[in-house]
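The chain below stands alone and is given as structure tokens, in the form predicted alone.
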Amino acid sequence: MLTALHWGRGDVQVAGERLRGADLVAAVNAVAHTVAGHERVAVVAHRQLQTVVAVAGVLAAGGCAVPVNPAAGEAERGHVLADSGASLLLDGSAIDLAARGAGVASGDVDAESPGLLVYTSGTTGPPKGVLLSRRAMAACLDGLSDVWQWSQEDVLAHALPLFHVHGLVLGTLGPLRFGSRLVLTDGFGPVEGATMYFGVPTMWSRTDVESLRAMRGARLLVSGSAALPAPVFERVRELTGQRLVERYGLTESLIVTAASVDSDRGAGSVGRPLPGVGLRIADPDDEGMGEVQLSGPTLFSGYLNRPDATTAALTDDGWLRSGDLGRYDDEHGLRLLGRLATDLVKTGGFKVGAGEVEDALLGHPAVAEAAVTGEPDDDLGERIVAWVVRADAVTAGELIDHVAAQLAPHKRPRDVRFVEALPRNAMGKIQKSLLSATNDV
């Protein structure tokens, strides 16, 4: 159960504010007294020390925290508050860090009781509330502790938002569980003494040369939340001397695979399953590509108020349908090839994963960013379309030939569209549903 949060050894710093040891314990207890008796408490999750204390206080009181994106519009926030049934709303920025309280007697909290209710991005309708039990979060973090050798001696630095599981579960509850120091920064960059960095691919790709070189002293550089392009992997390796560690998971599954700290890591692999996690590739094609399906202790308890959606997300034998395309082998681990709904292109009788074509495009030195989609085609059924941000002069024909030389000819783009930028969400994931509205340049 997620009760072994080491407040007494905790040390959290955000901007110029810092709480540690007894002061952190007392501040968390003060919040716990405020929220005691509330089943669900919404927390406006600014990237501030107050948010860390607020969420920790809700957990310490035995409640369920509902993180709210501080940039959410009125309609989105209203939906989250109404759907969650939160009986109290805390604005993280209003938490008094100087407040002090004694421990709260929360009773024996069931390990299966929800500790977090995290809302999905809502790309296919109103956001759904994902119930994450204390047991699931503990299993995820303890599994990562095993493969990453995470201990109280570590110092974790990141600039991730605190309303997603990456920044909140891994990046906040992880350090609190293991008693390691946490430094939250406004912008992604080097922190003196940091041994671990968590970032998303766009952070790693946009970090300047000197900042990356300053991270050479860290023992673990982690990338997640979106696919990591091979050129970014190589750039970070050259400048830091470190091979980025990739991991994979969903809000509904938390982290299920990760490259280990002592593995021979390569670009494109998101590692092997954590202890207790089941992973299978459903209905694989001749090249081993199919949907990634998951089981084990890190999985969610269901969608709040949506038994229909919960049932649809699971197979008849209880495995979670990830919606992600992938291949798996024991030697290389899991390789992701895109989303089943948006990244599986059926062209000329073949199935092509967009991620594989994107990796080939990114291997061309003139390509800064790339995304691949499928569009209706009278002859092929669907044709492969590449959306490319140029780093240097290159023609569409050159890129098509480049992909055809790297992959099977049927995987080459039939259309290349040059754009100034690719639309991304707050976690750096490309929003392919917006690409059809993007103007060519």
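On a predicted model such as this, the values are computed, not experimentally measured, just so you know. So that there is no doubt, residue numbering starts at 1 and follows the sequence shown.
The discussion below concerns the form predicted in complex with a small molecule, not included here.
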query = Within 4.5 Å of the small molecule in the predicted complex, do 59, 114 and 132 each have at least one heavy atom?
reply = no
remark   = The stretch from 278 to 286, 88 to 96, 174 to 182, 344 to 352 that lies within 4.5 Å of the small molecule in the predicted complex, judged by heavy atoms, is 344 to 352
message = My question is simply whether residue 248 lines the interface with the small molecule in the predicted complex - judged by any non-hydrogen atom within 4.5 Å.
response = yes
query = Does the small molecule come within 4.5 Å of any heavy atom of residue 227 in the predicted complex?
reply = yes
ask   = Do residue 293 and the small molecule share at least one heavy atom pair within 4.5 Å in the predicted complex?
value = no
key: residue 84 within 4.5 Å of the small molecule in the predicted complex, heavy atoms   = no
request  = Identify, from the list 196, 357, 270, 232, the residue with a heavy atom within 4.5 Å of the small molecule in the predicted complex.
outcome  = 270
task = Could you work out which of 120, 242, 205, 310 is the residue within 4.5 angstroms of the small molecule in the predicted complex, going by heavy atoms?
result = 120
task = Since the Cα separation of residue 349 and residue 336 moves by 3 Å or more in the predicted complex, tell me which way: closer or farther than here.
result = closer
query = Quick one: residue 410 and residue 336 C-alpha atoms, closer or farther in the predicted complex compared with this form (3 angstroms or more)?
reply = farther
